[in-house]
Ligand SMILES: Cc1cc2nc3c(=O)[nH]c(=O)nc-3n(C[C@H](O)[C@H](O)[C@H](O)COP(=O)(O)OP(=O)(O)OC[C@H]3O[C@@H](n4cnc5c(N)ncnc54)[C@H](O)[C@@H]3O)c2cc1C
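Shown here is one chain on its own, the form predicted alone, set out as structure tokens.
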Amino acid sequence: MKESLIVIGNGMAGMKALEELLMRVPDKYDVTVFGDEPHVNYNRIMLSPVLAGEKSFEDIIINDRKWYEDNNVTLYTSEKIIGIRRSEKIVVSEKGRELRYDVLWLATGSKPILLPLPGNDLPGVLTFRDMGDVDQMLAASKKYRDAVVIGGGLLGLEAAHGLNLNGMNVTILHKADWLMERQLDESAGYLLKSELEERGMTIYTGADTKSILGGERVESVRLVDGTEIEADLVVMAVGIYPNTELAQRAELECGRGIKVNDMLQTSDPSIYAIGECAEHRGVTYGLVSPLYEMGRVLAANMSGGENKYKGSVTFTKLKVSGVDVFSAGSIEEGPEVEDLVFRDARKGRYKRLVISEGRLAGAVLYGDVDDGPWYFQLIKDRNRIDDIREHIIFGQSLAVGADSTDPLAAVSALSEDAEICGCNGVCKGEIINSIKKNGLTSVDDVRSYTKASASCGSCTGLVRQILKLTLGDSFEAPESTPMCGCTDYSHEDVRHLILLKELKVIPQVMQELEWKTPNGCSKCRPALNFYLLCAFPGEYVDDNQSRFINERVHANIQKDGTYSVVPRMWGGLTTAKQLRAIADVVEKFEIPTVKITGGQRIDMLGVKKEDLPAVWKDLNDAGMVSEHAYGKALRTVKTCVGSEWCRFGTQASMSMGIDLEKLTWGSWMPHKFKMAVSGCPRNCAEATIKDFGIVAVDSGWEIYVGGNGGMKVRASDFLCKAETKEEVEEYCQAFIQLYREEAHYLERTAPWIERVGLRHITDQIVNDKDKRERLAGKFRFSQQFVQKDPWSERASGGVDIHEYSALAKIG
């Protein structure tokens, strides 16, 4: 007869241990799991991407109901265990269910701290702990405007980021002097604060919250210094504490958490505790890696082994898109430690390594976290670093040998227990063993068997390298991915066959390439429309119905169904006449909001759809045309005042920007495309985070490519120098045309360059003069067909007028 195992807690720690146990001894126990939440087991640390809209709940499920069924695990969701009768070995649920156990696991997790502030019970005050909290925040973001997040730690920043992406005005209140003060030092905290402020968040550090004010719902937050901040939603993310409530009622020995020994046994030998609720050697943990380590130890012991848990060294990564932060080990200053610091102000990178007794004790990385796993392993190993100390700050590739050109050297040097996937606690050795044991040959295979790279995906590159390292020459690079479910052809295949077969309309492409669906889908139709426009300029007729809504109506739809309108201002310059016309339009059409954009343009928000043609006509009459701020096209060319006005300017950046914008406007691209021109190396136009950026120097112009802000910030790569305006224009035209011809639809220049490599771009544009001239010539040819103002065509020419008219008036 099987022993009865009951698991209280359906979270990550308990289910990881159960997974490990079932792999070892699938038939030893009769398993029952109780969970408070209505859901199956999901990846709690991925709640932030769900809040941010980057993933759905289904994406973060670890084990679906079929997994429980397949493993003969009885699951009770939405059912809380309220008592343990230890003398009888019986658990009692709130629904009156009583079950006997031979072995009991407590994986009750932790609870969020709710600050004892006046008003903390008002509607609209939440914590950030589970899927229910995320659902409430998402609902609030659709109805309300102002959010205050109390707590600038890991969880608070991820909540703030998600609410910000959902359109709320977010203010972060943090009591310490800098953000994430437990993981970051002051310098990294400053960089992080600056980055988040640039994204539109307001941050108060040293902010002591006094009370939460409101009537029927929260209305504001008051600080001790009297400052009052409007709030429709308050999220408290100030920490967690172990959930020991059930254990204390059962009279198990508890401190801060449920006390366990190295075998993870509580004071009752039949009861074990793991995860955030457990206290081991006086330490409790709130990160996923220690929870998984506990799970492996517990499963090993329950299946006949004798493993001991010896505590964990942890590291932290912030899950805010585009913000790369890594922290591990001890970063405390002191007389017994020494610091190695590296700063790159231009690229926003900061590294600090803490060395104690000749060993790496801690690391803080901001902006470039690629070497995080290597530093983490050095911290865990506690080996002396004397032989690599001189170069360690520059990362693994230089520290292990500056002449190393082996792309797998870094991952090869990692030890077997180096953690590769922090989200799911998967080590290098586990991946290698699974590859060998199960004959895995692809990243998808590894995800399926080990869950490595199955969550945030940031370790996918490492997983691929481990596959290559393990399989050697038998590893085949992943086959190209189909464009969508309508075809088995990749983007490259489709573009190649369009040219080879001279397929010139969408139905012909679908017919000849044996599309699986009659009319394609929202992924392939816009892509095909662009590929045909690029392949046959002047010949292919744009298919308006294959465009997204913003491009169909030539304005950006807003969350209330109105639109925003941005007129083009060449190089960011305007005139009194244009400003007067904009003011007249705003008053005439009662446009509620006028805003200066990050690209130095004026955005009019809240325009009714039926008013769009009339608004455009008035703007056209003042000489303004569409900015294409809604399209996969050239957006803006940002400029500083350059030598025309600035005493530091070395070249005329405004006129360069105007000329480039007039040269390239109207061109359709795989994705939005931004340019900037700075008049000197001070780079006031931020040209090095643009798709195509130009920085003036005394001898001419430096050209940079592949930068972007947005979700994932990337500093651009230096392409080359140009001496004259004509050279800059030719490089610009050639680069855009190469991007148009090679990038996948909806692929910005940054991922395109990372995919094909900067060397490829340089070979085509810089090293091959003939190729550059051909590309520039093709671009100029295509421009003659697209530099027509779409607003004018619709305002005065009656084009697509049905888009702006109601089908019928009812009532």
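Start at 1 with the first residue shown and count on from there. Treat the numbers as computed from the prediction; the structure is a model and nothing was measured.
Just so you know, the form predicted in complex with the ligand exists too; it's not on screen, but the next bit is about it.
> To test your reading of this chain, name the stretch in 776-784, 742-750, 763-771, 41-49 whose heavy atoms come within 4.5 Å of the ligand in the predicted complex.
That would be stretch 41-49.
> Might G286 be said to contact the ligand in the predicted complex, defining contact as any heavy atom within 4.5 Å?
The answer is yes: G286 has a heavy atom within 4.5 Å of the ligand.
> Is A13 close enough to touch the ligand in the predicted complex, meaning at least one heavy atom pair within 4.5 Å?
The answer is yes: A13 has a heavy atom within 4.5 Å of the ligand.
> Does the ligand come within 4.5 Å of any heavy atom of D30 in the predicted complex?
Judged by the heavy-atom cut-off of 4.5 Å, D30 is well away from the ligand in the predicted complex.
> Any of the heavy atoms of Q396 lying within 4.5 Å of the ligand in the predicted complex?
Taking the distances in the predicted complex, the answer for Q396 is no, it never comes within 4.5 Å of the ligand.
> Please pick, from M624, M483, V234, L291, the one residue with any non-hydrogen atom lying within 4.5 angstroms of the ligand in the predicted complex.
Looking at M624, M483, V234, L291 one by one, just L291 meets the 4.5 Å heavy-atom criterion.
> Check each of E37, E754, D59, E54 and return the one that places a heavy atom within 4.5 angstroms of the ligand in the predicted complex.
Residue within 4.5 Å of the partner: E37.
> Counting only heavy atoms, which residues in 536-554 are within 4.5 Å of the ligand in the predicted complex?
Going through 536-554 in order - heavy atoms within 4.5 Å of the ligand in the predicted complex - there are no hits.
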